[in-house]
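In structure tokens, the next block holds one chain alone, the form predicted on its own.
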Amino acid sequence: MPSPDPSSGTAPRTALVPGEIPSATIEAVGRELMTRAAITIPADFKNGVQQMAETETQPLAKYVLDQICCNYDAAEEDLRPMCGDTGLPRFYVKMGNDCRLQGGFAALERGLRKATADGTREIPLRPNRVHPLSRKDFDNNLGVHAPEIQYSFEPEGDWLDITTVHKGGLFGSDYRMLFPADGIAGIKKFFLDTMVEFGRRGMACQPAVVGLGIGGCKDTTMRIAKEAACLRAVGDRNPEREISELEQELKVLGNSIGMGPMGFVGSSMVIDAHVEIAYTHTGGMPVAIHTFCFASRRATARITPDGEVAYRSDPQWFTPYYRREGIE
């Protein structure tokens, strides 16, 4: 039998071995996650907006927050995406070291790409992905490096966690190379400069979760900042005391600049601030910022080899192993 043509998009059929997670299950779960992320806002984020609405004193800002909450309810009632711009779908995959996949990683990625195309058509989602130069559009949110799939592993377990995040892809991020002498004060200044600019120019749909990445090299800094914004629940604190204190200070600072939801006057700009760090070059202190707007679209599922699927809203991405510092 001739080998399949890799350019044809087809793949050899692989028989399911006991203990493997079926490819069909991965594809079905991927489609369901796409639907849940687009329509249902996680309870932690929804509660954060509701609490802001109760404490906001500016009438227009309070009205905007109340309408956001109404929009959440309408999306769930009508089973339609809660925002017209449905963002850029991406996946975060975490698995135990003993996890086995039918067809391997190529089959996993094939299933998630198929789920993205199907979800775009069926939910429906706005097909936002285009070629950056020609603007070619497949009308299904697929393309080169689209959707992004990022991996993480844990030392034990045979389970597979899949998280989908639908994050806006235009604005709401920034980067600055600071230096050790700038210290915490420099981080706060960069944070305030960015929040004011985002609010003034309408570059992030507040209220938002703000994620900061500190350290690493530039690509690592940007990556962990996005993870901090998108993959931690509202109210979650970094286990390192100094970082946890900084998170709480930044949240207060962000809500003290006089800007509220959608850039209106108010005190409800930052639902939470999450900080993640990476060890970095001794001569620098790079910092990145990502915001996850009030359309906080994320959903997670755990699949086990026995076919069980458990859905949840907290990705549980940041484990002690993920933040490890040395050799186990």
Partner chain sequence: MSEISLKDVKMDTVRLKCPVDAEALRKLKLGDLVFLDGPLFTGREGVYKRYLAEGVDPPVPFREISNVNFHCSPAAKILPEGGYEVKAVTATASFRFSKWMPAWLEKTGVKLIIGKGGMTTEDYRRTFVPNQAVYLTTVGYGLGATYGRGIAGVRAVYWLEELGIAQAMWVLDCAGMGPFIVESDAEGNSLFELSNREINRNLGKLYEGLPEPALRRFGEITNREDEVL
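All figures in this text were calculated on a predicted structure; none of them were measured in a lab. Numbering follows the first chain given and starts at 1.
Not pictured, yet referred to below: the form predicted in complex with its partner chain.
Just one of 56 to 64, 43 to 51, 299 to 307, 271 to 279 has heavy atoms within 4.5 Å of its partner chain in the model of the complex; which?
Going by heavy atoms within 4.5 Å, the stretch is 56 to 64.
Scan Arg80, Arg237, Arg100, Lys218 and let me know which has any heavy atom within 4.5 Å of its partner chain in the model of the complex.
That would be Arg80.
Identify which of Ile214, Leu125, Ala233, Ala117 has a heavy atom within 4.5 Å of its partner chain in the model of the complex; exactly one of them does.
By the 4.5 Å criterion, the partner-contacting residue is Leu125.
My question is simply whether Met222 lines the interface with its partner chain in the model of the complex - judged by any non-hydrogen atom within 4.5 Å.
Contact with its partner chain, no.
Using a 4.5 angstroms cut-off on non-hydrogen atoms, would Ala74 count as touching its partner chain in the model of the complex?
Contact with its partner chain, yes.
When the contact criterion is heavy atoms within 4.5 Å, does Arg110 count as touching its partner chain in the model of the complex?
Judged by the heavy-atom cut-off of 4.5 Å, Arg110 is well away from its partner chain in the model of the complex.
Check Phe153 for me: does it contact its partner chain in the model of the complex (non-hydrogen atoms, 4.5 angstroms)?
Residue-level check for Phe153: no, no contact with its partner chain.
Would its partner chain be touched by all three of Asp174, Asp182 and Glu197 in the model of the complex, meaning a heavy atom each within 4.5 Å?
Yes.
Output the sequence-ordered list of residues from 188 to 217 with at least one heavy atom within 4.5 Å of its partner chain in the model of the complex.
Residues within 4.5 Å: Lys188, Lys189, Phe190, Leu192, Asp193, Val196, Glu197, Arg200, Arg201, Gly202, Met203, Cys205, Gln206.
Comparing against this form, do Arg201 and Lys62 have their CA atoms pulled together or pushed apart in the model of the complex? The difference is 3 Å or more.
Closer is correct, given that in the model of the complex the C-alpha spacing of Arg201 to Lys62 is reduced by at least 3 Å.
Quick one: Gly202 and Lys62 C-alpha atoms, closer or farther in the model of the complex compared with this form (3 angstroms or more)?
Relative to the shown form, the pair is closer.
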